[in-house]
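Just one chain follows, in the form predicted on its own, and it is written as structure tokens.
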Amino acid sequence: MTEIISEEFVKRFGGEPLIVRSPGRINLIGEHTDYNAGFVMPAAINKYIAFALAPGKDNYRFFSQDLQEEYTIVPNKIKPDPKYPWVNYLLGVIAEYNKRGVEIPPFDCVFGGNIPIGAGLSSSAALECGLAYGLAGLFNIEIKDEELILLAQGAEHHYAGVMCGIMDQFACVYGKQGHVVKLDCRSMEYDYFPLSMDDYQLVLFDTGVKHSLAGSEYNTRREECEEGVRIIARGDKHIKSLRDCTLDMLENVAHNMKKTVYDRCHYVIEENLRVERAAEKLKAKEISAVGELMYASHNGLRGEYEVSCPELDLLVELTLSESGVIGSRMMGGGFGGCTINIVEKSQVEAVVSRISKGYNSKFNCTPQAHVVSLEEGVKIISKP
């Protein structure tokens, strides 16, 4: 992919570009906990977006290889463009640099990749971090990794209009081959844990759907969690987020909450505990125990947080009769996208075949299966 992007750049703009590779991510466990200041366990994967960048003359010029669309804008005219949603992730990066007192000179950019769009693998964070990292390398901008992550998140908040947590950008920057990252989304402290996959393989099943509920329900879940925090905090002013709450605290005020708010809070508090248990089990190389926690996570996402959908639920349900699958759950915001599964390597082909058949018989379409491995975070591949 990097060669294709480099060749397209030379053909379209001329000159030798700087090449950046920016990965997508999976999240082993810890869903909807990031914006609640909790724990997550993501990793960068071998699906990525490649960028080719070089200084330009008068304008910012972008070309999306995947969409075959070109976009040009004058540096002092930057603002979100609803006609070209993809470009907002990139313009947002420039705007965030500007906020920090860094003016980005004109440049040319070609990008494209193999991250499935809409599958919950965070192609948006790969776009933001890849461009932010590439511009730093291209124009010798000194920026720490932590600040680059916040810059990329700001681009998504202010230009793409998605109030995401920090997990996706963090995984994109701090990915480590063969490891997941246990991230504390409050302090941004992190630890690496090896995911011992000698006998197993990570397989993603893509439902191929994205229900329209996703955007509005995401914001609703945030509001419900915040309402729960306000109720719990009446008894303890030190409570700032669900991360600060225990199950006992929740039970003590359950009578003051709507059942829906209680369920949302209960899920988040338990999910944080599951992430901590998963770290312990990874350290002990008890991979089957991690799989059990994944199933428990899905049950909470489906029943208490209510962000699953029939397609995701069926994919998880079908794995229950597969002895070669030790863990499965929906991954990402929900209402579509992928499930993440831990599958015995010797069984991958057979499992994919049977689950695809079972899914097709219900929904009359075949889910795409993606076999992924854990790779390094964003990096410059070559300089001119």
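Values in this document were obtained by computation on a predicted structure and should not be read as measured data. Quick note: we count residues from 1 along the sequence shown, nothing fancier.
In what follows, reference is made to the form predicted in complex with alpha-D-galactopyranose, a form of this protein that is not presented.
**Student:** So which stretch, 66-74, 345-353, 24-32, 41-49, is the one near alpha-D-galactopyranose in the model of the complex (non-hydrogen atoms, 4.5 Å)?
**Tutor:** Stretch 24-32 is the one.
**Student:** Can any non-hydrogen atom of Gly332 be found within 4.5 angstroms of alpha-D-galactopyranose in the model of the complex?
**Tutor:** Heavy-atom contact with alpha-D-galactopyranose at 4.5 Å: present for Gly332.
**Student:** Using 4.5 Å between non-hydrogen atoms, is Val229 touching alpha-D-galactopyranose in the model of the complex?
**Tutor:** Flag for Val229 set to no.
**Student:** With the partner left out of view, is Met167 within 4.5 angstroms of alpha-D-galactopyranose in the model of the complex by any non-hydrogen atom?
**Tutor:** Contact with alpha-D-galactopyranose, yes.
**Student:** Check whether Tyr192 has any heavy atom within 4.5 Å of a heavy atom of alpha-D-galactopyranose in the model of the complex, and answer yes or no.
**Tutor:** No - in the model of the complex, heavy atoms of Tyr192 and alpha-D-galactopyranose never come within 4.5 Å of each other.
**Student:** Let me know the one among Tyr295, Tyr218, Tyr84, Phe139 whose heavy atoms come within 4.5 Å of alpha-D-galactopyranose in the model of the complex, would you?
**Tutor:** Result of the distance check: Tyr218.
**Student:** Any residue of 238-255 with a heavy atom within 4.5 Å of alpha-D-galactopyranose in the model of the complex counts; write them all down in order.
**Tutor:** Contacting residues: none.
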